[in-house]
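The chain below stands alone and is given in structure tokens; this is the form predicted on its own.
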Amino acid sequence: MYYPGLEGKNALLIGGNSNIGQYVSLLLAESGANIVIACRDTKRGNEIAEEARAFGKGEAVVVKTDCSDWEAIENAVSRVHEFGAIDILYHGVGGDWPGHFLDLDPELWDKLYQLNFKNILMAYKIVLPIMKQQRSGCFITMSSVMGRIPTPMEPIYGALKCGLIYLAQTLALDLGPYGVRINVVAPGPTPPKDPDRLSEGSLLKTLIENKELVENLTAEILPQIPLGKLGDPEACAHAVLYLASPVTGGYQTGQVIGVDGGWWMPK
């Protein structure tokens, strides 16, 4: 699907090979953007880049990147600069180990913080000064419906995702005068369309292999979702593209688009 205003734009996709990120990569490519997929699993990243090149529009490159490594993020940014300005940054890395707070191993706390918050802090710190100097740019992060609804099975993950919303809105206030837009997409539970399209070592892939846990979580969650079904990763990607396009999302900053089947409804 084509989104207007993205032809020739340059996008860095941290986690552009993930469950949702792969569709963000492909939609940007279909809309004519140049994409840099920053990921650890370059095999999967290159498969997505090959699909992106098939549109015959923008460039598509892959950079091996550990999103917790400052120099690795700077290197990925430098690859975007080979095309020109950094117009769009999508950060789609995250994950959780579900469990009640009193049952969670404290050793998980730092891992969850690094994966779901500190990595994003680092990307903001590296990229926002560039966008500020450009006086333009669009930065989109992935939160979660769990950051809006207290859920006993995801207490730390939910708290961190809530913090991402606060941080994004605070930065949107700070950077708005420089023409920089900062927005958030908050999906509900979103299983993969095809588990084989997930990277090896993906937390989501590990989770869905635990069929009993998935069945129990689904049985608990579905009755709370007005639309009565789980999410679709490509639908979440369309929310990202809506915000990325200067035509559809050009006058939006500090916003959170929920793609959660109505589980959380703003008051």
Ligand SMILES: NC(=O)c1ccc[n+]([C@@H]2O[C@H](COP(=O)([O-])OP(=O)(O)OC[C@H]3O[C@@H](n4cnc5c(N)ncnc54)[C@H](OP(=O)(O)O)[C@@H]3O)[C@@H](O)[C@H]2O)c1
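Only a predicted model underlies this, so the values are computations on that prediction, with no experimental measurement involved. The numbering used is simple: start at 1 and walk along the sequence shown.
What comes next is about the form predicted in complex with the named molecule, which is not displayed.
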Residues in which of 65-73, 219-227, 46-54, 25-33 have heavy atoms within 4.5 Å of the named molecule in the predicted complex?
65-73
Please check if L112 has a heavy atom lying within 4.5 Å of any heavy atom of the named molecule in the predicted complex.
no
Would H238 show up as a contact with the named molecule in the predicted complex if we use heavy atoms at 4.5 Å?
no
Any chance G158 has a heavy atom within 4.5 Å of the named molecule in the predicted complex?
no
Just checking whether V80 would be counted as a contact of the named molecule in the predicted complex - the rule being heavy atoms within 4.5 angstroms.
no
Please tell me whether the candidate spot formed by I140, Q169 and G258 is one where all three residues come within 4.5 Å of the named molecule in the predicted complex (heavy atoms).
no
Counting only heavy atoms, which residues in 76-106 are within 4.5 Å of the named molecule in the predicted complex?
Y90, G92, V93, G94, G95
